[in-house]
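What follows is one chain in structure tokens, specifically the form predicted alone.
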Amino acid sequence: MILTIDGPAGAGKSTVARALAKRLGFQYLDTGAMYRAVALAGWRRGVDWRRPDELVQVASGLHLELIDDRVLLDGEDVSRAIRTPEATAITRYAADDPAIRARLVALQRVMAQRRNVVTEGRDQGTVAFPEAECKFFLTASPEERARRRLGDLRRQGETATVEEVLESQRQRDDRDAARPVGPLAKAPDAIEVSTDGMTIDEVVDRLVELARRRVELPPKTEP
């Protein structure tokens, strides 16, 4: 069974998806981490961002693994490295490239084969898994999303103002919506859930309740 969670940055997708997968005993598939890892590999190899073919070539030779909460790039754990502001700033070069998206969507489908999976990203319910049994679209107000992002940055030792985070967030939303392949969009059959003012446990409780109304969840097994 596949449960998809899509939505804009800062809506709580990653944290909620990870907690929901643990609650249900499903595998957790962090697709955004895959694009971040490709961009990180390109940066490390000095690709010219003005030449998309260079990054596509790098992506074609990478070995990506998602194991529990770890992201392995050619066997190296890059879970922290892909979350830095620098990595975030260049991820769009991987996420906006049609060839890279096609390659990673195919890999995502392989990873989800014959498994119970909670997968999150921007296009999981629309492109990667249009036939998923249950789809969610998480939202939150711009102010709430910025507050969460600012908290993440400060925990990483970074400094930023609310205004800077809001502007960066606005630019990212615009890019995600305008992306020619796999743009951020709510699937017609997705259930929209606003996470404003809710704790992670409250959001997970809500998603479990909604999922049970739509599908028969399998018995919990160890992920």
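As the structure is a computational prediction, the values presented were derived from the model and not from experiment. Residues carry their position along the shown sequence, with the first being 1.
There is also a form predicted together with a small molecule; it is not shown, and the following applies to it.
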Review point. Does residue 65 reach the small molecule in the predicted complex, with heavy atoms at most 4.5 Å apart?
Key: no
Check your understanding: Given that the partner is absent here, does residue 176 sit within 4.5 Å of the small molecule in the predicted complex, heavy atoms only?
Key -> yes
Exercise for review: Indicate whether residue 26 is a 4.5 Å heavy atom neighbour of the small molecule in the predicted complex.
Suggested key: no
Review point. Might residue 79 be said to contact the small molecule in the predicted complex, defining contact as any heavy atom within 4.5 Å?
Key: no
Point to revise | Among 57-65, 34-42, 186-194, 152-160, the region lying within 4.5 Å of the small molecule in the predicted complex by heavy atom distance | key: 34-42
